[in-house]
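One chain comes next, on its own, written as structure tokens: the form predicted alone.
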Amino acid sequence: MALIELNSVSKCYKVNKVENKYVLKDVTLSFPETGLVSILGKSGSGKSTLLNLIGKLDDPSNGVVYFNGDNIAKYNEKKLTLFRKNIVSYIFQHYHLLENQTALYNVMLPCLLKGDSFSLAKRKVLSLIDDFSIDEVILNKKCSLLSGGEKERIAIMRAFINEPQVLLADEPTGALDKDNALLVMESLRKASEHSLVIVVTHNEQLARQYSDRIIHMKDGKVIYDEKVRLISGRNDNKVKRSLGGNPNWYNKIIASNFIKRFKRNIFSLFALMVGIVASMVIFGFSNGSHHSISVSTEKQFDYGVASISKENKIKSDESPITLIQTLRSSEEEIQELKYEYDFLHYCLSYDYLVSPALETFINEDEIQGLTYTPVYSFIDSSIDKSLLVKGKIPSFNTLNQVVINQTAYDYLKKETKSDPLHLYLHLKDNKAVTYYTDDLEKPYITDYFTYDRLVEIVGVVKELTFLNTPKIYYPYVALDKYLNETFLNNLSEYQGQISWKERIMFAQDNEFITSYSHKVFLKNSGDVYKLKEMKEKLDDEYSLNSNALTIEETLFQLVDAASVGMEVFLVISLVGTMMIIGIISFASYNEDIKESAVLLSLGAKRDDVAALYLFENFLLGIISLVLSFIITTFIEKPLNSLIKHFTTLIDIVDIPFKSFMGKPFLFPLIIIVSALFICLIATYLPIMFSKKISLKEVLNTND
């Protein structure tokens, strides 16, 4: 049985929608297992097309090409790869060498693809150099630096190196002088004793000198098939089928491609680094923000100060609106709260008489924007004295000495252009309070409360500045004592001596003088978590309001909103990174498409060719990961310092390098796997979904 058979094979190309041009038409041929067969004919007669069909670089439009009785058009990808790797070898008219690789590597490549080690492949190459007048100096040159004749001989050596069962040669002597042409034909003749050698040539003299058979072609048809001599050889080669190539055959190609595309790779590297660093910082922000806010917001001098009110909800059947009436809790209700939440001081609210917005003067100049804020006492554990940064905390409770926060200090320093410590502030407030009687002759009695005090700033506390206001802190127990010792003149004349504290104490719970609430203060500033728990546990009947807790909740909402925005940005940036890498990989793939076609024709798998670009990007991914971890490690502290400077939030970015979810080094592992997965998807998908290479078309491009 013939080794190769062509049965009524035709090949045509579309000229336009209705017209086809036939390059081959109804060709029927058979080829034995051995011998040297030359195909002669003018340019355009179909010689090279015939060779492409035999070698499965192209498929026939009609007819069948058989190898050992199998229709090669039906070969699957795996069988086709083995066919090219183990059975057939090419000497291309235009060499089709890997120009950026050395001549030695080009000749070794079929051996490496078949599974040989580098040392064995090199020994095989060196055993051939004398037959083709090639020295080691030429072998160590890049193919781009070789002459046409040298390239021709290197291409022929590459075809010979694995002793193929079928050797297809397209004008193998076209670029050679007479001596080298004879040398090559002698080698082909020798190879034909054990293999089938099919040579396309214009040189009829050489064909008649060395061929066993000559096929003459014209206009795509075989016009004459002559036997020059009897073919006596027999193919006794045992084809060693390789299951896989040397896994390191592509290292040199990856290295040269990496260098060749250096600027492009730097851009990819930068895109990956931006995505990875952004991912880690955003994750660190999400991971550390809540803890940071919880810790940072406790750094408020009045953190343990709140007000508690009773809420009476009024619903109407005629309206969907629910009205809420705010009342001061009764004494019995306060006693119940004291029993359940005994970590608080419960006090009357004096906010109506002494409001947070007092008129403030320095000399005769009014200063706007300062808030008069109570703490329970200057001398007990209800305040965090570690917040003091300048001056002192008063050693006794007095209304004549105050502490201000850093925000107020900076504000006053700017306004007065001097150090505010030990500065005196003049605080003023006036209120009219009316008491309604049952006496028709005197239905109401009005008293006037005047708060007029000169106070000295003796200390400055450093607290959370984000969303905070300039504050003046005073002791509430001192105000309580002052109001207990200050009397209402007119009301006292009417019903006996009564202090302002008593006036508030005995007022109706819905009178505005009560501020509709009680003041509560933590007994110990370290029990801030209890205040949060209390707020969560209180039922709808009560409302607990704290400026510090409001700031904390606002920060949580801002951070959550920022986290969502950052996560959206992160997704967009990662998609953008994948697109950039994918576009660059696809551009590189198209740029090297002829090189890829050469590798496929030598028996490389399509997956191996795609892996060239995958490993190149994996290398970029590994480098970018290393640089990103270094950069992120170094910027975490400066970034936190910068945020702390503007917001006083502590360690808001906490990247869990060492431990995450109780697992050591889990987070870096997640980042590494994610980055390499991005490289995999971004590289593989564009290449796999691209149109499969037509070897014949690609190899003929720019020839």
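Heads up: residue numbers just count along the shown sequence, starting at 1. The structure displayed is predicted, hence computed values, not measured ones.
A second form of this protein, the form predicted together with a small molecule, is not displayed here; the remarks below concern that form.
In the predicted bound form, the small molecule lies farther than 4.5 Å from every heavy atom of Ser659. Although the partner is absent here, Pro32 is not a contact residue: none of its heavy atoms lies within 4.5 angstroms of the small molecule in the predicted bound form.
In the predicted bound form, the small molecule sits within 4.5 Å of a heavy atom belonging to Gly44.
For the chain shown alone, Asn640 is not a contact residue for the small molecule in the predicted bound form, no non-hydrogen atom being within 4.5 angstroms. The candidate stretches are 631-639, 651-659, 66-74, 36-44, and the one lying within 4.5 Å of the small molecule in the predicted bound form by heavy atoms is 36-44. Taking a 4.5 Å heavy atom cutoff to the small molecule in the predicted bound form, the contact residue among Leu695, Val23, Val9, Ile687 is Val23.
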